[in-house]
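For reference, the chain that follows is the form predicted on its own, supplied as structure tokens.
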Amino acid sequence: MTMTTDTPVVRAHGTEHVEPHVIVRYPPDQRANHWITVIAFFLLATSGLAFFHPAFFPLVLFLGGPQWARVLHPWVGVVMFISFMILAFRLWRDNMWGQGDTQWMKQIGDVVMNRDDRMPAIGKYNPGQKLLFWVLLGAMIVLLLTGIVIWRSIFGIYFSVPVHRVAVLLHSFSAFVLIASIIVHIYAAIWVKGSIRAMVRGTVSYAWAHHHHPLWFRKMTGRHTVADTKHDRPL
């Protein structure tokens, strides 16, 4: 068997062998990038909610208490923005609107009802994932810009009180959009079996790729069908 960059190597008892019938969807650096963003988002969401309403105040403990949360929240925000921008730079081409995406959206009812056999072939990401990507990107940019305005300890002297208040409102709204989008993202990852494995282990089976992202499957393997599914990994 010829080993390609799309076929992961696993070690067993001191030797190497090729794990068959899998495709690398996310290499280690992208997975690390993703999980850094996830951790930063969790810390920001919990501390931000604590600032937003007293009912969530205990959540400041994730950043070490109220004083540390105030100090660290904006810095963690910078980390999340940079991490996400690196990820976005790597993935933006795959998230451009492409062949079959408009028709896919028109058949969203078939998606909800799991009638995948009726759906047009799509690439690495489906239109829902692409829309989510651009919503996240927009929310991240707004959060950064408004966060700078309301970062009183460093930039407070440069902005008037009315500008600060508008920035707080926009920051809160963008945070709400981001949190809601991430909830949708998590739900979709659980709903589509095999998606979480892709971001944890980095690989997906031929069957999974062919079933959910046939155009990407053809691009990565040069094959139009899974010829030997009885030996393939389950979805």
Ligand code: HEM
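Predicted, not measured: the structure shown is a model, and the values here were computed from it. One-based numbering along the sequence shown.
This next part talks about the form predicted together with this ligand, which is not shown.
From the list 32-40, 52-60, 65-73, 169-177, the contact stretch for this ligand in the predicted bound form under a 4.5 Å heavy atom rule is 32-40. Residue Leu87 is the only one of Leu87, Ile150, Met105, Val78 with a heavy atom lying within 4.5 Å of this ligand in the predicted bound form. In the predicted bound form, at least one heavy atom of Trp208 sits within 4.5 Å of a heavy atom of this ligand. Although the partner is absent here, Ala45 sits far enough away that none of its heavy atoms falls within 4.5 Å of this ligand in the predicted bound form. Interface membership of Leu136, defined by any non-hydrogen atom within 4.5 Å of this ligand in the predicted bound form, is confirmed. Of the heavy atoms in Val142, none are within 4.5 Å of this ligand in the predicted bound form. Residues Ile182, His185, Ile186, Ala189, Ser195, Ile196 are the members of 180-196 with a non-hydrogen atom no more than 4.5 angstroms from this ligand in the predicted bound form.
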